[in-house]
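What follows is one chain in C-alpha cells, specifically the form predicted alone.
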C-alpha cells in the first residue's frame, strides 16, 4: 500500500470513527484540545471489551489480583520512584510562532534516517542534529530556540497548600508498589503473585500529533508480577514454551539492520535472549492477546530496548509493536524486568519495610555480629534524639557500624555522631530460621487506547464498496442486530419480543427498524455487529428467524427457542457460524 493509500485509509477510519461514534477529539465546540479524545457509544463498548479480554487472560485465567487506586498521587511517591528526575523530554520552541515540539520526535520524523538514537543525545547534540538536517518548525517554517528539558507529568497541589505537591500519575504501577504489604497479605504471603491495575493516567505531552497513539490522558494496564529472584523459574512456561516470538534484537538495531529473529519461548530463555522466564511468559501472553483482538502474529514483533532507551527502573526491556498503515511500527505494550528497584526505593524513602520473609527448610545456627545501643550512654549524649539514634543503630547493618567504629572511631547515624562507648559490639550464636528480602518484579504494561486503535484498523475492511468492521466476536461492541423485515403485520411486534429475549439473556443487541433491510445490514456491518437476526413472515408461521453473518454475508435459518444456547456458544468460540443453522 503506497503512502497516499495509507493516508486515505487513516482518513477513512477517522471519519468513520467520528460519524459512527467510535471516538472523536474532545471539546470540539471550543476548537478541540490535542491529546484528549472522547469515546462514543460504540467506542466505549469496544474499549471496555478489549479491557475485559485483558482481565479474562490475566485476572480470570491466571488468578492475578486487581486493584484501583487514585490518579492524583503525592509528589514524594514519584520523587522516591525516580519519575520526577527522569520523566522529562527534550522540547524546542519556534522563534516565530512560539509552537513547541518534542525535539526527538522532530528528528525521528524529518531526519530521514532509520537509526536516530535520540535517547542518548544531550540537548546540545540534539540542537546540532536539528541544524545539520535543516529541520524547521512544521507549523510555520521558523527556526528554533535551544532545546530544554520538559517534565511531562501534570503537576498540581493537593488541597489549598502550595507545598503539598501532587502529580497526575503517568503510570499505574506505583499505586501497586506502595500497597505491596497489604497485597502480599491478600496473596496469603506467598510468592509468586501478580497484581494488575487498569485505569487512567496522565502525561503532559509536548505536541501530541498521532491521534490515539499519543494522548495526554489515556488508559493504561500495568501488571506487576512479584517473585523470588532465587526461585525464578516460571511454573507456567510449559504452557507457552513452543510459542514463537518475533524479536528485533538490540545488536541488529545498533547495526541498523531490519533482521527479525524468530525463536520459541523455550529457545529465547535457553539462549538468554530473554533473561527472565516470567518475562518470556508474559510476552507470549501479550502476543496471544493481540491475536485475540484481531492482529495476526506476522504483524507483531518485540523490539529489544537499547541501554540508553530503557526506563530508569529496567534492566531488560522489550516493546511489543504492531504494524499499522499510517504510522508503521507502534508500541502497544512494554515488558520490563524491574528487579527490586521500586520496592527498594519506597522502602528507603518511606521507612516502611517492604521485604518478605523466606523460611529456610532447616534452621541455621551461626555466630552473628551484634551491635546493641547502650541506652544509659545515649540519653545524656543525644537527649531528645536518643530514641531515634537507638532505632537507627538497631536497623543498621552490624558489620557496617562495627567497621566504621574501628576505622574512623565513630559511626554516623544520619547526622548523629555515635562513639564506641555508645554501643556494645558482641558476637552471639543465633538460630536463623529464614531471611527477609525484596521480591523482584517483571512488568507487562499495555496501552488500552493503542490496543483500541489497532483493533479498529485491523477490523477495517471494504467489501463491494461497503465498510465492514470485522472485529473478533469477543470484542465486537454490539453482538447482535435484530431487524423486522417490515414494520407491519405483527412482524415488528415479534421482532421486539425477540430483541427483549436476547437482552434478557445478557447479549448486547440493537433493534433497527429504520430503512430497507439492505441499509440496515450495511449500518450493522459498519458498526461491526457479527450477527444479524431477521424476523420475517416465515417467523410468524414456524417461529424461526434468519441469522446473517457479517463477514461472509451468508444466512442460515434457526428456531427462536434455540437461539440463546447457540448464540452463547458462538460468542464463547465453541461454535462457528455454520453451526447456527438447523
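Nothing here was measured: the structure is a model prediction, and the numbers come from that model. Numbering follows the first chain given and starts at 1.
Another form, the form predicted in complex with the RNA, is not on view; read the next lines as being about it.
Heavy atoms of residue 546 reach within 4.5 Å of the RNA in the predicted bound form, making it an interface residue. Looking at residue 60, you'd find every heavy atom of it more than 4.5 angstroms from the RNA in the predicted bound form. With a 4.5 Å cutoff on heavy atoms, residue 207 counts as touching the RNA in the predicted bound form.
For residue 558, no non-hydrogen atom is located within 4.5 Å of the RNA in the predicted bound form, even though that partner is not displayed.
Note on the partner interface in the predicted bound form: the residue among 517, 54, 64, 42 having a heavy atom within 4.5 angstroms of the RNA is 517. This chain is displayed alone, yet in the predicted bound form one of 132, 260, 403, 486 has a heavy atom within 4.5 Å of the RNA; that residue is 486. Every residue in the set 25, 87 and 310 has a non-hydrogen atom no more than 4.5 Å from the RNA in the predicted bound form.
In plain terms, the part of the chain that comes close to the RNA in the predicted bound form, with a heavy atom within 4.5 Å, is 87-95 out of 185-193, 386-394, 87-95, 267-275.
Contacts between 452-468 and the RNA, taken as any heavy atom within 4.5 Å in the predicted bound form, involve 466, 467.
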